[in-house]
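Just the one chain here, the form predicted on its own, laid out as structure tokens.
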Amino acid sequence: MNSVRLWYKKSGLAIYTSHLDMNRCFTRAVRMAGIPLWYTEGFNPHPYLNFLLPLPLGTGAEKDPIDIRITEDISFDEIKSRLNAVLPGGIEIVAVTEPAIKVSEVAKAGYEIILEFLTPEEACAFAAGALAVIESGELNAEKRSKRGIKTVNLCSFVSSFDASSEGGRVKIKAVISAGPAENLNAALLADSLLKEFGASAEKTEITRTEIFTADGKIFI
């Protein structure tokens, strides 16, 4: 039995596919592709598919990991080509590798957030204001957790942040907490910044671009 890490891209209308449906999608795709997937043992065996950092609904990804286990030798290129032949539009395997870092070491994720405003002036003012708020170290918002809803300072979850505008578009690049210990939804960060200034975006796009360990290493 070999452990394999799939790296997939999620874009277009596929970003509105829920985590549960993504699990079903990949389960079907693996079967259709004839990948010799390992099944868990016990009373109710099921295929081993582990989404290391499930994506929130509406968030895309450039390269997100899924761990699987296979029972026969098959090349990474073959796994990639077989899966891409059966996966639906908007979901694509971009790489297949051996797991190099443990799942428990995931601690941060990088995001690109695009906000579109009606005028360049609105976009410029929002970008400058967002930078100032994050640099101030205080942006309070209600955050849902297993223990309920509580008010937290979102800045404590932000490792790096940059915002710039071009025309009516604002581009935010941020690295925020992600993983089993602490996690911040990038949509909550964007919505909280908009609320802080009483602003509204005509369109919002959020894409996870990278995953990191606690010490800033790229997760591979």
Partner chain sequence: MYPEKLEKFLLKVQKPGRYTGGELNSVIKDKREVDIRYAFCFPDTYEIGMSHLGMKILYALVNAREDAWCERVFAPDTDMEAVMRENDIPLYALESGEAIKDFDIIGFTLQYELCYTNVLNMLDLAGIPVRSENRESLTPLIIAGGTCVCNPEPMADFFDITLPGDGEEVTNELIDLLKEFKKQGKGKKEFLEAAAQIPGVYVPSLYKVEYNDDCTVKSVTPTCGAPEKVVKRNVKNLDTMFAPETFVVPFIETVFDRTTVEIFRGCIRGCRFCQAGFLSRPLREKSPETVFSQCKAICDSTGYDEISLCSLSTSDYKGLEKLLGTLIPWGDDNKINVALPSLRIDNFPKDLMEKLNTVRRSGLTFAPEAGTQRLRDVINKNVYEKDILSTCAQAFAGGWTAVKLYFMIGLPTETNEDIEGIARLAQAVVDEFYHMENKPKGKGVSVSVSLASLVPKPFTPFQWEPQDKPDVLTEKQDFLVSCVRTRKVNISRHVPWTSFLEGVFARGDRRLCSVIETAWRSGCRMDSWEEHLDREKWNAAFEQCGIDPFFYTARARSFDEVLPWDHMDYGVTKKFLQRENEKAHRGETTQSCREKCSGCGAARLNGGECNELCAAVV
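Residue numbers count along the first chain shown, from 1. As the structure is a prediction and not an experimental result, all values here were calculated from the model.
From this point on, the text means the form predicted together with the partner chain, which you will not see here.
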{"query": "Interface membership of T209, the partner chain in the predicted bound form, 4.5 Å heavy atom rule", "finding": "no"}
{"query": "Interface membership of A109, the partner chain in the predicted bound form, 4.5 Å heavy atom rule", "finding": "no"}
{"query": "Partner proximity in the predicted bound form: P88 to the partner chain, non-hydrogen atom cutoff 4.5 Å", "finding": "yes"}
{"query": "Contact test in the predicted bound form: A181 vs the partner chain, heavy atoms, 4.5 Å", "finding": "no"}
{"query": "All of K143, R147 and K150 within 4.5 Å of the partner chain in the predicted bound form, heavy atom check", "finding": "no"}
{"query": "Contact segment among 173-181, 62-70, 158-166, 41-49, judged by heavy atoms lying within 4.5 Å of the partner chain in the predicted bound form", "finding": "41-49"}
{"query": "The partner chain in the predicted bound form - contacting residues of 1-27, heavy atom within 4.5 Å", "finding": "L13, Y16, T17, D21, R24"}
